[in-house]
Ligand SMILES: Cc1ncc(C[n+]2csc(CCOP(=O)(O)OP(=O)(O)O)c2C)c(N)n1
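Only one chain is included here, represented as C-alpha cells and corresponding to the form predicted on its own.
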C-alpha cells in the first residue's frame, strides 16, 4: 500500500498536474523520495520560493492547466507570497503543496511553527489541511479542481500524513464546469447598440485566442472600442491579431483614454481604478456619466460568455451597422536601430527581431514605454505582464513559460531593480537548459519610484531621498551575476551592440542575458 506522499503525487498526476516547482525542506522529504515512484511528475528545483511560485504562474498561463509548487512550512510559503499575489490577480490556476510539522509535533511550538492557514488564506481561494492519509489523494484532486476555476489552491500536508502508509486513489469526476452562465445579455446589447460611445474592457482569458476574435466581432458590429487591462495575464498580439488598446498605468492617462465614454462593458476585467491614491486625484477612473456593465459574472468565464454574446449582438445589430472597429494589426517592423542605446532604440531592436510564436514576459516598467508600439506589427506572439504589481515576477514567470512551451522562444524584459528580487531563476534556467533570453534594462535606478515621487507630490525631495532610489553605488554587474549562475551574458552600450546580441541570443537555444545599459527615464 502506498504511503501518503506516493498517493498525493499519483493523485496530482491523475488530475493532470505533472510539473512541480519545488523548494522543499525536512517536512517534504517523503514527497521528494516518492518522486522516484511516480516518474510522470517532473520536479523543477528553484533556489528561492518566490521563483517557484512565479514559475508555476508562468507555466499555468501558457499551458492553461495548473502546475504545483512544493514549499517548506510557513516561512517557505511566506517567501513565495509576492508572486502568489501576482498569480491571484492573474486568476492563474496553481496548486500549492505546503509541508507542515507532524500532527503530534505541532503542540511543541518548534522554531518553524507558524500559522500556515492564515498565510495561505491571504492569497488562496481554497485552503485545506489533510489529517487522514486515506483522504490525501482525494484532497489533491479537489485542490486541482479548485485551481481549475482560476484560483490558487493550497493543500497543507503534515509530515506524518506523508510518511504514513494507507494512501488511496482519488475519486473521479471532480470539478465539472457549470453549464449555465448568468448574463444580462439584453442590457449589454442595448448599451452597445445605443449609438453612444462605448468600449469593451477585456481581461482574464478574453485577451487571447477565440476571446479576442469574438470581442473584435462585437466591436465591428457595434462600433465599440476594444480596451484591455493595464496588466493582462496573457495578451495575444501581433500581425493578424485584433488590436487592443491597453489602459495606461497613470491615472491621468486613463482619464484621457476613457474621456467621453457613456458605456463601459467589463469582460473578465475589473472596473478601472488608479494603482495608488494621489493627493487631489480620484481613485475611481470611470468617467462621470459613464455606465459600467458586467458581461461576464467572473473572470474565468469571460471567454465562455463572448461567443454566445457575439452571435447575439451581431444578429441584433444587423450587417448594415458593421464598422471598421477593431482592425487586425498590420505586419510592420521598425528598422534596426543605430547610435545611442536608449529604452526607445532597444524597443525598436526588439520589434525588428521578435520571432514568430515568441512569449514575451514584460517587467520592464518605465523602460518599456516604447515596447507596445515597436512590437505591435511583429509576428504573432504572447505578452505576459506584471498582473499584481509585486515586482520580482519577470524571471520566474519566464522560467515557467519556457517549461510549459519548450519549442517557443521566451524573451524576458526585466528592469534592473526588479531583477535583483528573484535572479535565482537564472540558475533554474541554466539547470533545465530553458530557451529564455533575458534583457535587463540597466538604468541604475528605481525609476518607477522616482516617477511615483513626482506623482504623490514629493518631487522636491532632497538628496538623501533621491539616493534611496539610486542603484549606481555600487553598480550592479549583471554579466557577472548571470555567469555565476551558469547563464552566458554580455553587456550592450550601443544600439548596434544590443541588436547584434539580441539576434544571436534569439537564434541560439538555451538561456542568455543581455545587460542593456540605458539612461534613466525619470
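Numbering follows the first chain given and starts at 1. Predicted model, so just to flag it, every value in this text is computed and none were measured.
One more form of this protein exists, namely the form predicted in complex with this ligand; it is left out here, but the text below deals with it.
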query: In the predicted complex, the residue from 390, 241, 261, 353 that sits within 4.5 Å of this ligand by heavy atoms; finding: 390
query: The single option of 424, 114, 274, 366 touching this ligand in the predicted complex, heavy atom within 4.5 Å; finding: 366
query: Candidate stretches 402-410, 100-108, 437-445, 224-232 - the one whose heavy atoms come within 4.5 Å of this ligand in the predicted complex; finding: 437-445
query: Touches this ligand in the predicted complex: residue 150 (any heavy atom, 4.5 Å); finding: no
query: Residue contact check: residue 449 to this ligand in the predicted complex, 4.5 Å heavy atom; finding: yes
query: Contact label in the predicted complex: residue 375 to this ligand, heavy atom within 4.5 Å; finding: no
query: Residue contact check: residue 416 to this ligand in the predicted complex, 4.5 Å heavy atom; finding: yes
